[in-house]
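Next up is one chain by itself, shown in structure tokens, the form predicted alone.
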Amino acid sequence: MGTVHARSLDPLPMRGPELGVHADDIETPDVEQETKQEVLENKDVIVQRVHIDGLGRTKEDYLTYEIADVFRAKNLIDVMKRAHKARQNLLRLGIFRQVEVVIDTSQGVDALPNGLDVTFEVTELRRMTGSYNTMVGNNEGSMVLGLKLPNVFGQAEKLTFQFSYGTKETSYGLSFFKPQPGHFERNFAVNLYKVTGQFPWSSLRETDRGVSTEFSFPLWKTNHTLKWEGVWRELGCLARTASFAVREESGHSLKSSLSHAMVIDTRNSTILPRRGALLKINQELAGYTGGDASFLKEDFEIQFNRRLFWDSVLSTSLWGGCLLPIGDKPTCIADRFYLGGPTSVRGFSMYSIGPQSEGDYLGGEMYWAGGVHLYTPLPFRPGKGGFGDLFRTHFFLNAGNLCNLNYGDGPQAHLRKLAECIRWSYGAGIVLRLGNIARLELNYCIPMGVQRGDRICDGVQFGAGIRFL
């Protein structure tokens, strides 16, 4: 929360005997000071000046947008609230290590009886900072090393280099981030990266070298991101036993795409929410800005969470997507959807649902997945109010399907295909929330609706990640 200091407006209490003087010798505070105290505490006030102390390379005019609201305060309580909000805005910029607020009565010849001065005492971050952490996602872990240059040009810009080494993916990238003055949510970013990933379920290795630019902005209750990406992709076989269908996909390709993402998120937590809803819609159009990949890709995610009795939570979710090729060229294995595993349809092995060739899963062009979950406290509530609150009992029912499109059929035929041969599963387990970083699941799963070629995980299944069905 930080500290908001409001200096005392009346003199310290004094006792004559303790100070060596008599009570009759103490001067009574004048009427003007008492009046000023009454004005400040019970009536309107005016913020005359706002100071920012401790600036080095940060440009003060840039911070004006973040603290301007303090001047609109009408009383002392309002000043404290607006000063606290301004402090949060300054910290959000990511250029200060510490921000403290001091509220004092105005001094000087132009001071008003009800005037206040607000001072923000800031401590800037060093010119270069480093970080080391671990990340969990998509049932894999990685070690991340980062080097950051905050506030490069004095207006909250950020230059970041990051190296990540994981169990299935290795990447490094350079990014530049620039927020709009006064509107941190509106920001522009440029990224250069190289990513090498291994996908054993498809016997595929992929190396991406690319550049992307994106612009993020809020609109009413939604958040939007517009993005252009150009990536040179190199696909190869992970093993000599790779199927002929995967070998056909091997080689180089260039993708240039425009994408848009819209998000409405009212959840109280992204890892293990107890209330709120999520709507996420993504569109990607490739081929119109160059490259040899041409397609239109749409996918969405919906989630609702509602708190029930006995601190239990009912959660429902629905995913879906469609990939349409543009022209005569078929879709690439790297662009298709994949389904199955501990983070989607539980009870099946990782991405092991849908079209496959000689044991290698090729992904699909249309899919859906849904789930109903009940989260409850552990039986008998061990560790209540402490470590035990990180654990939840988990009961679930998942279902989904993945298929390719027959372009000679209409939409109704595609929907009927998705409704056939539905894979589903149910079970129970334990969920552990790792702060706001990730969550772990240990479930006992019973897969149903298994089709030929599917790989199942009947029994105990472990999952780790951020995004779960």
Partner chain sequence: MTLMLSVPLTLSNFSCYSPVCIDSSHFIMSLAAEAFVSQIAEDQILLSDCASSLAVQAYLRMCNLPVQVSYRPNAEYMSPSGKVPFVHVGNQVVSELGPIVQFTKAKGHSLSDGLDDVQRAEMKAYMELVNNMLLTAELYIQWCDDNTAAEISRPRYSSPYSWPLNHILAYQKQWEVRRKMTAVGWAGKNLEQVYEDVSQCCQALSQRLGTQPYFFNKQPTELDALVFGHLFTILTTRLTSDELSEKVKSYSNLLAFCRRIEQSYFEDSQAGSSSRGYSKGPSLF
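Numbering follows the first chain given and starts at 1. Quantities reported herein were computed from a predicted structural model and do not represent experimental measurements.
Below, we refer to the form predicted in complex with the partner chain, which is not included among the displayed structures.
Engineer: Heavy atom within 4.5 Å of the partner chain in the predicted complex: which of 229, 157, 249, 208?
Structural biologist: The option sitting close enough to the partner is 249.
Engineer: Within 4.5 Å of the partner chain in the predicted complex, heavy atoms considered, which of 311, 185, 358, 389?
Structural biologist: Answer to the contact question: 358.
Engineer: Applying a 4.5 Å heavy atom distance criterion, does residue 254 contact the partner chain in the predicted complex?
Structural biologist: Output for residue 254 is yes: heavy atoms within 4.5 Å of the partner chain.
Engineer: Hey, in the predicted complex, is residue 121 touching the partner chain, heavy atoms inside 4.5 Å?
Structural biologist: No - in the predicted complex, heavy atoms of residue 121 and the partner chain never come within 4.5 Å of each other.
Engineer: So in the predicted complex, does any heavy atom of residue 291 sit within 4.5 Å of the partner chain?
Structural biologist: Residue-level check for residue 291: yes, a contact with the partner chain.
Engineer: Should residue 221 be counted as a contact of the partner chain in the predicted complex, where contact means heavy atoms within 4.5 Å?
Structural biologist: Output for residue 221 is no: heavy atoms all beyond 4.5 Å of the partner chain.
Engineer: Which single stretch, out of 161-169, 185-193, 237-245, 68-76, brings residue heavy atoms within 4.5 Å of the partner chain in the predicted complex?
Structural biologist: Heavy-atom contact with the partner occurs in 237-245.
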